[in-house]
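Just the one chain here, laid out as structure tokens, in the form predicted alone.
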């Protein structure tokens, strides 16, 4: 008999007709960032390939609801949720507000262990009160975590923050009843220990998080780019940035999988969400990336702004071990 799975992901070209097993649906190409019930998140980023929908599914019974601004679904030991706020005014204020809503919510719901968080908001590199909006966001996010008792030193979930085209600030998150293992990359400085040159507060996330359920581990690798130590490499060279990014993915995924990963194409059931900064680089990036991970890899390609001006591509990864 096939073992039921608590959480798995599929990519699709359009909204699937089978919605009974849907824990959450993430759809590219929304005119502005949005969240609706049942849990559907609109990404204000155009899809750059056939796939435009990320469908999170479960084999378990699903409960759904809305709690204030949080739209949520839960099944077994996993809770998915999202919150949409205006991005008007200082983004630091919005980020603190969002995290001070989300963290008490997951604790009260009985899912206190944050597993994965996605942030999207527009104009990520524009100025906001004498900081880049990403730097201001990092300050606000750190303040939100600290206010809710996080140490910002190894107790943070995997995460991404990507610039969108439309208006609005959306945070999507997964949380668990069970403890989560957070993992770092041996060739990168932990983001929460970045030096002051990257802003008044360093980014608050782990390089990857792992949740063990149903006899297997689900691994979420954070947004990953061409960074070694804490420095961006290969400005203007899309091919070299892809190669550096793939090496980072390989190492951090191997750390989370607790085994040596020789090549990413050997990872079972891997899914990738790839953000490309400039349309003119898409085919170069796509060709190089697929040559490194295998031509049949499951990919969702999106046009999104990266948190550093010199970076051309950012990749997230999901895999299962067991």
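Small disclaimer: the values here were computed from a predicted structure and weren't measured. Positions refer to the first chain, counted from 1.
Below, we refer to the form predicted together with a small molecule, which is not included among the displayed structures.
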(request) Identify whether the small molecule in the model of the complex is within 4.5 Å of every residue in the set 141, 194 and 307, based on non-hydrogen atoms. (result) yes
(message) Please pick out the stretch from 107-115, 79-87, 166-174, 200-208 that is in contact with the small molecule in the model of the complex, where contact means heavy atoms within 4.5 Å.
(response) 200-208
(request) Verify the contact flag for residue 249: yes if a non-hydrogen atom of it lies within 4.5 Å of a non-hydrogen atom of the small molecule in the model of the complex, no if not. (result) no
(message) With a cut-off of 4.5 Å between heavy atoms, is residue 222 one of the residues that contacts the small molecule in the model of the complex?
(response) yes
(request) Using the partner position in the model of the complex, report whether residue 156 sits within 4.5 Å of the small molecule, counting heavy atoms only. (result) no
(message) Quick check on residue 227: any heavy atom within 4.5 Å of the small molecule in the model of the complex?
(response) yes
(message) Please identify the residue among 245, 73, 135, 160 with any heavy atom within 4.5 Å of the small molecule in the model of the complex.
(response) 160
